[in-house]
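Listed next as structure tokens is one chain, alone, in the form predicted alone.
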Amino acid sequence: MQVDAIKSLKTGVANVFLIEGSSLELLEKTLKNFKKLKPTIEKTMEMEHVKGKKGESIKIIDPLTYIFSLGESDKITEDTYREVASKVSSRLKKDKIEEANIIANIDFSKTITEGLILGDYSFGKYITKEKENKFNVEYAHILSGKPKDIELGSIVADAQIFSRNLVNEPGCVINPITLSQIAKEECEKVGLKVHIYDEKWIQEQGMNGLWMVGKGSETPPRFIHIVYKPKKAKKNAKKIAIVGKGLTFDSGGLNIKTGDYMRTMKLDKSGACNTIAIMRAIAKLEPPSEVHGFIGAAENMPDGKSYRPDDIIIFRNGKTAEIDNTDAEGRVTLADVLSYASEQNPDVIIDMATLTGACVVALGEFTAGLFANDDDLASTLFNTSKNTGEKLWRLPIDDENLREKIKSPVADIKNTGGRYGGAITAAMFLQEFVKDGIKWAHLDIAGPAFTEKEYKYYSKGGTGFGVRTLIEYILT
């Protein structure tokens, strides 16, 4: 998407104003015929009961003008602009408007751009009926917008949509092999190095967790390593590892899920899809930090070759775990990926995983759990998420009494700790595979990674939750 930054209104297109509350000050400053239009605008607002609440809008026919309220000025955030801009896309698409001027506070050019693009998204690849009309976001002119911010917003939104498309693909399309092929093709296009390793290499490397989970499927597991190195590395730039859970489908294995819980399990690859999307974006944005993306891709299926409850796994770092439940497979695959990532000696490791239903119970469907072994890292991610609108909430991993729940009488640990505190004990399990001295954060995105209903700038399906936050973190 290319968005023009221009100084005056283009004629013959819709004018869209993003205003604070019910204030018409922005229109008065911009529209030459405002005095003539003012009575009509005020009467329309009165008739449609527009009070200036966030997202409320009116439409004036001549000249074609839309006014969207951002809500009360003291409650307006970056995400407010993103959310209301997404409503602009939806409304213009509905009205079959192909081109528009967007008039708003230019300090929010980036988030307006993100909102316009994200609000225009839908996954209709497999719908055979005539495609619905779409608002052409290429012709959204953000007046006097900052070109660099507009370009950044375009890249970030494109990354999130890339992840959403991948997540929404069903298991018959995306499996460990096809996911690795997409990662290689898409990331090499933008100049990244991509290493794909097969099941033989996985076994030779002692990645027995990834192998055990994946071997029950006809499609063998894959390990993906994506590398970005800056052209001009700065002396004190961080080396960052992004780790994504890549269960392309999760049936639960031998502890098979019931039908209701197996539905939508294509979402279990969300962390991996995010990782690929982030790496593609980073290649375009060229931050000074060295960034590595790691994915263990597997399909958890019931079969005579599947791993079993009571099995004991020796992981890459030498630790052992007793399998209590084969449906707690994400942490088993991530254990080896985190071990491998740790061996690359990054300063920071951040993993994203649709890991536990317990986190959804604790925080709901719209907030991800944040776990970290470093207060500064946790604080930075939490504050970053406030700007990106991807809500995080920190949960503890320092309760030694709770840690007792993942101890095993026959191995170092076991892969579940019972019903209570399940998101925390899962994070504690992962922590066992992060090398001492490395700052680490775990994002349990099980709740917000996939949505069954439309909200904000999300349509039904995969959300790409976490993409914006981690890109912004890497760029700071």
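Residue positions are given as counts along the sequence shown, with the first one as 1. Keep in mind that what you see is a predicted model, and the values were worked out from it rather than measured.
Absent from the display: the form predicted together with a small molecule. The rest refers to it.
Note on the partner interface in the predicted bound form: the residue among A441, I424, A446, L70 having a heavy atom within 4.5 angstroms of the small molecule is A446. Only one of K284, K257, K146, K239 comes within 4.5 Å of the small molecule in the predicted bound form through a heavy atom, and that residue is K257. Picking from 96 to 104, 326 to 334, 276 to 284, 164 to 172 the stretch near the small molecule in the predicted bound form, with a 4.5 Å limit on heavy atoms, gives 326 to 334. Not displayed here, the small molecule is kept clear of I224 by more than 4.5 Å at the level of heavy atoms in the predicted bound form.
Although the partner is absent here, S217 is not a contact residue: none of its heavy atoms lies within 4.5 angstroms of the small molecule in the predicted bound form.
Among heavy atoms of T416, some come within 4.5 Å of the small molecule in the predicted bound form. Using a 4.5 angstroms limit between non-hydrogen atoms, G124 is distant from the small molecule in the predicted bound form.
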